[in-house]
Structures are given as structure tokens and as C-alpha cells.
Ligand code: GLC
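This document starts with one chain, in the form predicted on its own, laid out as C-alpha cells.
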Amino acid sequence: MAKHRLIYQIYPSAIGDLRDIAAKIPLIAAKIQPDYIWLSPIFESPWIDGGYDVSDYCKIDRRFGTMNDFRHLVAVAKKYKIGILLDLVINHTSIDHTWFKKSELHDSWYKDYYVWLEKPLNWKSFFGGPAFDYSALRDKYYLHLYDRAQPDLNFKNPRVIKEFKNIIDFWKKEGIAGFRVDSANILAENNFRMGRIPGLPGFFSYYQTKDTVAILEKLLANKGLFTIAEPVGGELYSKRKFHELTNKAFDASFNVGTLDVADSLFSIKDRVYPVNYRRWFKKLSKWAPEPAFSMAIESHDAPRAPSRFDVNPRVLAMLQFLLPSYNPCIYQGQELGTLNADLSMNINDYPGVQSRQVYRRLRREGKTKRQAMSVVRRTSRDNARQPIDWGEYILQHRHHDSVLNFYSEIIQLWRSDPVIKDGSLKVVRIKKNGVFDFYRKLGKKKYFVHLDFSGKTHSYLKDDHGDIVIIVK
């Protein structure tokens, strides 16, 4: 049977420093009891992109404390049988990283640590605008698939691979349980040529090459660590590429494209589309039975799901844990039914680089400030990066009918019931109004699940005798 592991993602700045996070572990463990806690980046960073722009991989950013604080966190987590996963940003560094500064100055050792070209290509970055930026110091153009302050590393250089081997070994010695690897499948370019479709991000020119998989296998295989990949381009992901990545380098894959397929195109958040339930539920039905798939309803890169889908958070919990779900990931506050924040109508109040990029794009298209901000407020990932209300967490602990206790109960069912854990999936119907019916079967035992995202009927789980096990009215 496939292993079952529950992952709990924390975006650290929404909780506090490492001591604050350690203090919250008993609360999280009491109801959720995750196997792993995944921390979004805590490394030293100028914080242009929420820590996903690293300036030193072996230092804790001062906003989160010290290495001793990190060791304390690992020790507390271990007490509750929880492993700590670090977010390894491997595709790029910060422009402030020593490697880049020396590379820009054409240092003989570091000059090929990054991707430099004599002339720029017509590739676009994920955050809008050109994917190549000019350096007057180097008199060349460097690649940045994300923000211009996040230059892409050159993994054709064996010295870069050796650097990350050392980084991985460093953190393993500090007692971590593993890594979540950011943008895992876009590390190695096969060639550099003008894109056939200039408006598409550059990674389409080298989407999960064999070189990328080989690099990841060298870095991560046989390390005795739990590893979970974030593949870019999740909407386009094939099972062949999924198996290639997970069979050789990763234990699981966190594919946010299976969430974004519901209401966006290519995970771009510059439009408010109606939810396409048929497309979403078919995509989940395809991926959920995969043992290495990580089912997620929320993440640090998405608005809050109850607001996004206008649905009872209990129904979302049923979707996540009653479909086959081997490596589900809960995002902090999801288990409380947290809604989108009441964000500002002033773009200058948004720390997220993606929010500002969407705003600029909409303004260029002729949208008014108010129209542009209405889209940003609803789709911004800054909604998920707000402080958690721990008073509400404690309150929901005490109330039997709370969303938190519903999550606790359904997680216990997921852990203990053989049909829910390992049963097959048979889809009965998917309707465009948000009705999703399916069976879970194992041997002679089966469950029937009826989910209604419109709220017009009750959502429920029935056993093979027709008795209701779970109901959301």
C-alpha cells in the first residue's frame, strides 16, 4: 500500500518568528497532527518576493530569528512526531546573493553560475515583462523567469550542483526531514532560441528536460529525506512527466495547476473567471489516484478557497480527503475556514510582486484603477499571506461543530478507514453547477460521496447500507 503523509504548510511571516511558530505546534498537532510542516522560505532574503529570493541559503533571515531558534523549532516538532520541510528555492537566487554579485563582475569562478546571453530573447517572465535583463557591469543579459531581482542559475555548471549538494547536506545535519523544491522542473535549458509564441513564459522552451530530472536525481535521490516537488506549468502536466519526476527524484508532487484549472488560464491571476467545475473535478479525478500526488485546496500562491469558490469550507475538506489523497497538504488557516482578507484598494499596500504585476497589466489594458484593484483584491495571493487569528483557532478548538473540528474528524477518517485510505475511485457524475458524485471502493465495501458546491443540496458520505457517515447541510 502507498504511504499516507499529511503536510501542513506555514507561510512564516503570517505567524511570526521561529519561536512563535514553535509555540503554535501544540495547537496544530492537537487537531491536525501533520506528518510534516513545510515552511515557506526562512533563508536570508531582501524579501522582494516573500522570501523566494534567497541571498544566503545557510543563514536564517533576521526577521525569523537565529539558528538556535530553528534548532528549537525542530526539537519541538520532533516531540510531536512532526518533521520539518524547508522550501528550497533552486531555480534562482536573489540579485543580492554573493554568487550573482561576483558573476556580474565576471569573477573567474562565478562567471558561469547564472544564465548570461549576449543578446536577449523574446521570452516573457512569469511576473510580466521581458525574461532577460541587461547588466551594465557584465555588458550581457541575464535570464530571470520570475522577477528581475531573481536571476536564474545555470545548472549546466557542475559547481552550481555542488553548491546545492552542500546546502542540502548542511540542513540535513540540522535535523530537517526534507525539502519542498520550488519551481522544480525548469532548471536546465536545452537551447536558447526565440519563442514561437512570444507572449508565453520562457520555460515553455525547456519544460522539464532530461537534464533537469538528472540534476534533481543527483541532488535528492537516496538522501533519506522526504522531498516534494512544485512543478511549474501544472495545467499542462502529463502523467509521463509526473512519473519521471517522482520516480527519480521526489516522493510527492505539489501540483497547484490542478487547483488553478478551476478558474484561471495557465495559473495567471489577471482575470476573474467563473468556476469551471467540470474541468476542475475531471482534473482532480485524473490526478487524485496517483500515490505521489499532493492534493491541495489552498497554498501561499492562491486566494482563500472558501472565498474563491464561494463554498462551505467543510465541503472543500470533503473534496480533499474523500477523493484518494495520499499526500494532502493543508495551508495554515485553511482548517479554520479562513476567508479572503479585506485588502486595500491601493496597490502600494500590496507586498506581493505578482499582485503589482497583475495591476500594471490591467492598467495597460485600459482598466480603471478601481476595476484593476477589484481583480487584484479577489485573486491576489496576498489574501493567503495575512496573519492567522490564533484567538479564533483556540475558540474553534473548544466548539464541537467548528470547521477545525470537522477537519480533525475527516482527517481521522482518512487515516483510519481502509476504503478512504486505499479504495479505488469511480466517478458517477460531474455537473457544471458544482455537483460531484463518486464511489470509493475496497473489496466488498464501498462509500458514496455527494458533493454540491452550489449548496442547493446537502453534501454527504454514505456507507454501503445507505447510512450517512458525514453530512454538511
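Start at 1 with the first residue shown and count on from there. The structure presented is a predicted model; accordingly, all values stated were derived computationally and were not measured.
Keep in mind that the form predicted in complex with alpha-D-glucopyranose (GLC) is not shown, yet the notes after this line are about it.
Note on contacts: among Phe155, Phe127, Trp123, Phe100, the single residue with a heavy atom within 4.5 Å of alpha-D-glucopyranose (GLC) in the predicted complex is Phe127.
None of Gln150, Asn185, Gln334, Ser380 but one reaches within 4.5 angstroms of alpha-D-glucopyranose (GLC) in the predicted complex through a heavy atom, and that residue is Gln150. At a distance of at most 4.5 angstroms from alpha-D-glucopyranose (GLC) in the predicted complex, all three residues His92, Tyr146 and Arg180 contribute at least one non-hydrogen atom. Interface residue remark: Asp61 is not counted as part of the site for alpha-D-glucopyranose (GLC) in the predicted complex, having no heavy atom within 4.5 Å. Contact check for Lys283: no non-hydrogen atom falls within 4.5 Å of alpha-D-glucopyranose (GLC) in the predicted complex. alpha-D-glucopyranose (GLC) is not drawn, but in the predicted complex it has a heavy atom within 4.5 Å of Arg385. In the predicted complex, at least one heavy atom of Asp49 sits within 4.5 Å of alpha-D-glucopyranose (GLC). You can rule out all but one of 398 to 406, 171 to 179, 187 to 195, 300 to 308: in the predicted complex, only 300 to 308 has residues with a heavy atom within 4.5 Å of alpha-D-glucopyranose (GLC).
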